[in-house]
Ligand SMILES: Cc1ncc(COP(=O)(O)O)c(C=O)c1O
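Only one chain is included here, represented as structure tokens and corresponding to the form predicted alone.
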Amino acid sequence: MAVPFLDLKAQYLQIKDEVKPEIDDVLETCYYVLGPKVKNFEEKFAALCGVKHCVALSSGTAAVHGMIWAADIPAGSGMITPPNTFTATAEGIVFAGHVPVFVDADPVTWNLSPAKTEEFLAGCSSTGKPIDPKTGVEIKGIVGVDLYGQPADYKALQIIADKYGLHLFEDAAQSHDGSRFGQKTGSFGNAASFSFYPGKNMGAYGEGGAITTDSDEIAARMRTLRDHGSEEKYYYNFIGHNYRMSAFQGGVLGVKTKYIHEWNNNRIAAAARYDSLLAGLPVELPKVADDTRHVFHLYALHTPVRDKLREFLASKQIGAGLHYPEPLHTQKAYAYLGYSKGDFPVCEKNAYENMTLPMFPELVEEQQVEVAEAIKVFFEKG
């Protein structure tokens, strides 16, 4: 049996009778950008995240850029983030005029390690201010990443941020409706960014993103910055950008907000089935931190023979992904920062050994058994 890595059609068929009228309404009203569909979505998503504000944007990359940009941090500041993430996390830092400062991940959750962050800051603060030894910039912020759908330890990161006077941001692109310590993703730190790329837990029918925040100042500034720095048409308070969300995406996401909790429950149940089916095999399975709602955007296992296993699964028509196969600190785009292979061993292990199995809300046990049996056969053959 072929098992796809992702099945977006199954989800569409479930909600198409609700989505089509939303799209038709946009076509009838010709209100194509922002407008009531987007406003309705913003209100629903802010409520889902338990925050005052949601500002809808054109993509997840725009959201990472926007949340940092709107915080109005002095240009050229250092921003701590892990290198085992999608490039948009670091791109957003750079687009906002700042410098990525990489710190290694926790070996259990693969998220930014609070212990290593504290150790790094303590070691570079002899002057009274944390100065990045690689680039010489003063560190002004931390950008955590909710990798694979598991929220980072923002309670510990907030303590560190407060101690050193830093801003704290959450890249929640993979953790819609997740939580940690009873607090919803999107509500940690100064602001959070979300992606609604089609394959995300709550995906648009195209590109989309948002920031969420309790800060009136960040929200107001972001609403201006997303529309060319304008509060009133043709009058500009800032140099802004065109980061406006399409009304079509607002309509689609407004419908999906009703279902995201149920869909994530299905993902969590599927992850538990994988745990059971793969128990005892020579692979490292995902671990969920205490008091955490890990929403399993991805189910990532780790093995040194990842590439051979993935090739074997492909021969059986079973989809498997790599998220992400090369850490940012060894990529050509970030060579100017001065890092080398070996600098962040946990992130490197994650990059070179991770493999993500088929995961979507409609995944059924029969499909998962097929995946697990194929992995068993691979290891039995040696």
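Worth saying up front: this structure is predicted, and the values here are computed from it rather than measured. Note that residue numbering follows the sequence shown and begins at 1.
Note that the form predicted together with the ligand isn't included here; everything after this is about it.
Residues placing heavy atoms within 4.5 Å of the ligand in the predicted bound form fall in a single listed stretch, namely 86-94, out of 86-94, 278-286, 238-246, 257-265. Put simply, of 223, 228, 200, 134 only one has a heavy atom within 4.5 Å of the ligand in the predicted bound form, and it is 200. Only one of 105, 145, 142, 253 comes within 4.5 Å of the ligand in the predicted bound form through a heavy atom, and that residue is 145. The shortest heavy atom separation between residue 31 and the ligand in the predicted bound form exceeds 4.5 Å. Although the partner is absent here, residue 173 lies within 4.5 Å of the ligand in the predicted bound form, judged by heavy atoms.
None of the heavy atoms of residue 327 is located within 4.5 Å of the ligand in the predicted bound form. In the predicted bound form, the ligand lies farther than 4.5 Å from every heavy atom of residue 66. For the partner-free chain shown, 200, 207, 208 of 200-230 come within 4.5 angstroms of the ligand in the predicted bound form, judged by any non-hydrogen atom.
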